[in-house]
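Coming up is one lone chain in structure tokens, specifically the form predicted on its own.
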Amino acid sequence: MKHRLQFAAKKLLRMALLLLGVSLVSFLLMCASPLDPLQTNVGQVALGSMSQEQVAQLEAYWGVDTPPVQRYVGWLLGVLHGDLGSSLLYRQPVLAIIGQRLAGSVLLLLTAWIISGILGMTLGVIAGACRGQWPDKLIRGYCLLISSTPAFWLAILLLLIFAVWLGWLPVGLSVPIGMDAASVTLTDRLSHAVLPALTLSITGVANIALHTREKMVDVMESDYVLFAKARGESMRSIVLRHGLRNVLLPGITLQFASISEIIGGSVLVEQVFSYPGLGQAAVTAGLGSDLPLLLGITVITSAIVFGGNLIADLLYGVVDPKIRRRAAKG
């Protein structure tokens, strides 16, 4: 137990340093952006009709007149006290906005993450076990096609087919238009989340399936599998007893590493479906030069990704007793 706590503490320290680096890079990129916050959010015509005092007030509000170092240090000191600041566009605390948008995205992201993981692992195992045969060729062709397809194009295609042509699913948003929030049912929310979740699931399958296939091919060419075949074991028994056991650890790594891909893909998918989630809020913050909100979203999503990697590392010892024993000896 002691070695696990030490391992987790080292990972958390590394995660804190990485989050600091991510926030600094994001801040520098925002500062280097050619977008002028005043012209973007107020407009050139409106600025021309304002007095110097009004323009100065707007510059102070958007932080244009504050040195970048002072702005970043002030934001960082607030984070150390648990305050991510207030959104310049929404005029609300950043944590409150992230909580609202994350609550809308969690169903979408979690569903896509589970479906893509299970389907990708299954297809990869089948392709690796049937190397060179028609299932392998079919699965590889599908994965290569999907991996080269932009997420937003696939989202538009699914939108046209299932929402416009067939009319089976809603066109967009997370709830029906004009309906009171108290009247929205779980069925309404699920029907609006089907197409975005399906898009993210389809795009997330390819990477997991291809990597799992390669690991499964290595397992099927190993000496112990050849010995199992010589012993007369069936292909089903070999795949279940030897194949799945040996691709489980790489599968855990791929599954938790796919969190970053799903979060990144949700930015484009939520824009296509006008889904009010965290990805859409990030786009709005970036285009509107809302620095506190964009930094808050970047840090929170990065922490989710790093936390997933930490969980994967901790699960290694649970799945593989050899890793647990080596860690105990160390």
Partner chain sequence: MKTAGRMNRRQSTLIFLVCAAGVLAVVMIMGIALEDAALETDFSRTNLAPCPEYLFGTDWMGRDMFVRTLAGLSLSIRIGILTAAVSAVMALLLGTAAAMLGSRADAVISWVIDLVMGIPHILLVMLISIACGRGFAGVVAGVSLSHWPSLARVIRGEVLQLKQAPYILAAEKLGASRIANVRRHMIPHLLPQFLTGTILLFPHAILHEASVTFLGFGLSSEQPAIGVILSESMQYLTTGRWWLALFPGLCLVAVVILFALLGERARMLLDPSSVHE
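Positions refer to the first chain, counted from 1. Only a predicted model underlies this, so the values are computations on that prediction, with no experimental measurement involved.
If you look for the form predicted together with the partner chain, you will not find it shown, but the lines that follow are about it.
Although the partner is absent here, residue 106 lies well away from the partner chain in the predicted complex, with no heavy atom inside 4.5 Å. The closest non-hydrogen atom of residue 12 lies beyond 4.5 Å of the partner chain in the predicted complex. Within 4.5 Å of any heavy atom of the partner chain in the predicted complex lies no heavy atom of residue 100. Using a 4.5 angstroms limit between non-hydrogen atoms, residue 32 touches the partner chain in the predicted complex. Checking 114, 240, 190, 160 against the partner chain in the predicted complex, a heavy atom within 4.5 Å turns up for just one residue: 160.
A heavy atom within 4.5 Å of the partner chain in the predicted complex is found for one listed residue only; from 149, 122, 253, 86, this is 149. For the partner chain in the predicted complex, the listed stretch (91-99, 122-130, 255-263, 69-77) containing residues with heavy atoms inside 4.5 Å is 255-263.
Residues 282, 283, 286, 287 of 276-293 are found to place at least one heavy atom within 4.5 Å of the partner chain in the predicted complex.
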